[in-house]
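Okay, so we've got a single protein chain in two different forms coming up as structure tokens, structure 1 first and structure 2 after it.
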Structure 1
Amino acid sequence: MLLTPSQTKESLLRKLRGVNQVPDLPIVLAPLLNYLQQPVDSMQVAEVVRLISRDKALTAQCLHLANSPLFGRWQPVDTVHGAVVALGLRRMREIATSCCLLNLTPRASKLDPVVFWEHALGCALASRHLARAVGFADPEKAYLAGLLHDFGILMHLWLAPREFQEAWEKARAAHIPLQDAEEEVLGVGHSETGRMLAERWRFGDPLVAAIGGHHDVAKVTAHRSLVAIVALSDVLCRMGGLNHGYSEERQVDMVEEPAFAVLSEEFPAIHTLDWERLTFELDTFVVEVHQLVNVVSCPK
């Protein structure tokens, strides 16, 4: 029998607080993710290469991404070291984290978990693009925040798969945002559970803010521009074919989104942003992300 929303919420939060209930990072990914979180300036190429190369499947996935035009590579690379040299450590960090996220997605679920990764990757790319377009100083940070913004969905897939599936089916049938359906069915949205896990895994304040605040930007007090970039990119992806496996039936005026007002406080360039071009460029991401997912997501 399914639990009521408040029972589900209590159970979820209990599991989140419990020492042994929250899954640990997989053994190969933990040192890599931890290493990738430090500033790029203090990273060593050899160590990144060693950490990625410990896992054959992860290596293959990273090379697929490194060879995608989405990451700026138009000539083939066939070794991790070659990829780091050609693309740089910053870009390699994006790629490795993207692959880690894919590998953290549970496979046992009845839902196709790949759609959530597609959305994450699309949002990461759009966030990087939008960050550059408005003059945000750290587009790579925007990429990572976009990639991890829906981390709470992973949480739900692990800890409440049946209830989460019900929420997803409800969202798909009514063509509404997943966050709204989660709040109805689970009693809590992925932004809240994602924030709790991100804090627990010590993701750092900017990422925690983006994960916890992207559905309610107006209430965010720190790292507001970063959160706004992720929130706008999230909406663009949800309207543009990189949603969570269904389309939201609504009309959006980006200028009237709360995140637009927040971002314009620090980055007035947003007022003259070419949204049309950004939207059309997202079409390229959609095609490329679908292709990538086909080759990257094969089970190990």
Structure 2
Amino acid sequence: MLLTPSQTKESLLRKLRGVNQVPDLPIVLAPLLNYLQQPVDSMQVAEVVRLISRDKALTAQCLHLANSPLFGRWQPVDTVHGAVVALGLRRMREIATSCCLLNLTPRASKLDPVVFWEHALGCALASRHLARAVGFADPEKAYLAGLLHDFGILMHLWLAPREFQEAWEKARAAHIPLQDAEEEVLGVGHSETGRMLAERWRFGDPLVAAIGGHHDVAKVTAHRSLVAIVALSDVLCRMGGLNHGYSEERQVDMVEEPAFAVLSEEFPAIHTLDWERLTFELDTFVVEVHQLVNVVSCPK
């Protein structure tokens, strides 16, 4: 018997509260995420190496990436320390977090994990870029929030794979936001389920706010600027070449977005932002993101 959206929502949230069917948070991810939220100049190479080395799969992926032609390596790197030195702490922060979360994607999922992580990484890059453009104090936190913003999609893949597939196909056919289709089919969008898991796994208040609020910025009461940056970056990516595997048919005026109004309260510079130029600059990320995610998701 098919469940109604409200029944599906209750079933999903019941599973989520028990997290019996959700993979345990990789032992390295929580301390790694907490540590990597610091400014790069406050981090120590030895500590990053220690945290990464605690997970064999993560170690293998980072080493594979460090030796990728994408980063112009001429000499092989065979240790995590060498990888950190070769790529730099900033790049290793991006790669380590991406690898950890990529490993949470269900192997039997019909959703191409490459598509999912291309959007996540694209939003991360766009968030950092926009944060710098408006003068946000911590562009690296904006990067991490952008990377994690669709965390709830992973939960839907684990807890309600059939219903989520139906929602994704509905969104693709109607060219509507995935969040809207999820609410119609599952009774709840990925922003809410993502927020619940982020709280349970103690991601910290700023990340919880960005994950839970990026589709409804007007209702956010804390960390509003960070949430607004992620929300605008998400829209930019969904309208561009880093979406959820399909295009949305709607016209977007960034100045009319609720997130723009939130940012304009604290950062007047946003009123002089050249959106056409910003969009062009973000387009240059597409090739890099495609290459990066394919390298990370397909270790030899």
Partner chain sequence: MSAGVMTAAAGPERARALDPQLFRIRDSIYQTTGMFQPDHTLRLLEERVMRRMQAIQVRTLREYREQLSGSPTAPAEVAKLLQEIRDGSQGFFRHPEQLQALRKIVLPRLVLDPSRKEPRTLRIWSAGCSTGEDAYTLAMVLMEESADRLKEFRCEVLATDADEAVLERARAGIYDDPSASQLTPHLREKYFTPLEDRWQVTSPVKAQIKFSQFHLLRDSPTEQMKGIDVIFCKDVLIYLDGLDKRRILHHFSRSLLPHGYIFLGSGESLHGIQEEFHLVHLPSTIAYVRPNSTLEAGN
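Everything quoted here is computed from the prediction, not taken from an experiment. Structure 1's sequence is the ruler for residue numbers, which start at 1. If you superpose the two forms and keep the largest set of C-alpha atoms that fall within 1.5 Å, you have the rigid core.
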Problem - Label of the structure corresponding to the form predicted alone - result: 2
Practice task
Align on the rigid core first; then say whether the Cα of His271 has moved by at least 2 Å between structures 1 and 2.
Solution key: no
Practice task
Would you tell me if Leu58 moves between structures 1 and 2 by 2 Å or more at its C-alpha, with the rigid core held superposed?
Solution key: yes
Problem - Per-residue C-alpha change between structures 1 and 2, Gln44, threshold 2 Å, rigid core fit - result: yes
